[in-house]
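Read the single chain below, which is given as structure tokens and is the form predicted on its own.
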């Protein structure tokens, strides 16, 4: 049996390519070494972030991907838990970044708020102080650990074949050699994420790809509903859509004085909320080819300190976890090891936010323009 497309990896990047393939009517198989998705794609916020992504292609991909998520989610039985984004600026230097951002094309449809206006939207939240805020309508959030398995189930019902517990060992002209035999396919799309050693290690080496490990937590409900996911000043020097603006220089200088430890550990704050009221909070960033498996209590303290500055409280921790993803200076790469193969990896932790759009580009690269396809 031969397939039109074999996709290696059942994380969000692989699943996005499976969706783009099935929309074209292609016979598609997805291969994954684990029994079910268990990597970075289920260990994150499930936050499809548009505002703040790197200006240009990444921002455009995020905007397109958010639209696809909104279209796919109800069909796949995936709940949209939250919509929008509220970026809270405590310092005047942070407010200057938001003002500059709002004046760009990326700020269209966003709303720049005064500190008082932002406080009015926060209801029970009591931040120490607010200089300004930015409201974005573009974002959607899903519960990753539920959304990814449901996306797998839905794609399977549409005709995608899944081969779990099946490790891809090599790709050649005939298809994919796996731990469970050969899978024949006319085209192969390798989406192995942060497996830097099995498929095309020379590409990872050439592009300087390493791994990033992060820490996250789920906290008990604070007793109120957030109006949207939240970010703070620290996010403005980390997300490239803000950090690349000239105004970010002043904020970074101040943060180096006031929150040097947060910067050292790559800590910035994202707060999202589940239907049960619990808060998903993170995160941090440490880089190594083989990150250690141990979480840091110091990093956890830094994250929670920023949370207390933002919410005025820090509910009890319900669970903790770490995750890893491929990381490089570029946000993603699409390599061509052979005419019938594409090696696609998101290297910026933005897979959930950009993969659906990246997948459309890959399929057009392999097969040409889509013939007016629509979602099944």
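Quick caveat: nothing in here was measured; it's all calculated off a predicted structure. Numbering follows the first chain given and starts at 1.
The same protein also has a form predicted together with a small molecule, omitted here; what follows describes it.
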> Among 296, 221, 198, 203, which has any heavy atom within 4.5 Å of the small molecule in the model of the complex?
Replying inline: 198
>> Only one of 241, 175, 193, 266 gets a heavy atom within 4.5 Å of the small molecule in the model of the complex. Which one?
In response: 193
> Does any heavy atom of residue 58 come within 4.5 Å of a heavy atom of the small molecule in the model of the complex?
Replying inline: no
>> in the model of the complex, is there a heavy atom of the small molecule that lies within 4.5 Å of any heavy atom of residue 214, even though the partner is absent here?
In response: yes
> Quick one: does residue 5 come within 4.5 Å of the small molecule in the model of the complex, counting heavy atoms only?
Replying inline: no
> residue 10: heavy atom within 4.5 Å of the small molecule in the model of the complex?
Replying inline: yes
>> Given the stretches 96-104, 163-171, 247-255, 298-306, which is the single one in contact with the small molecule in the model of the complex, using a heavy atom cutoff of 4.5 Å?
In response: 163-171
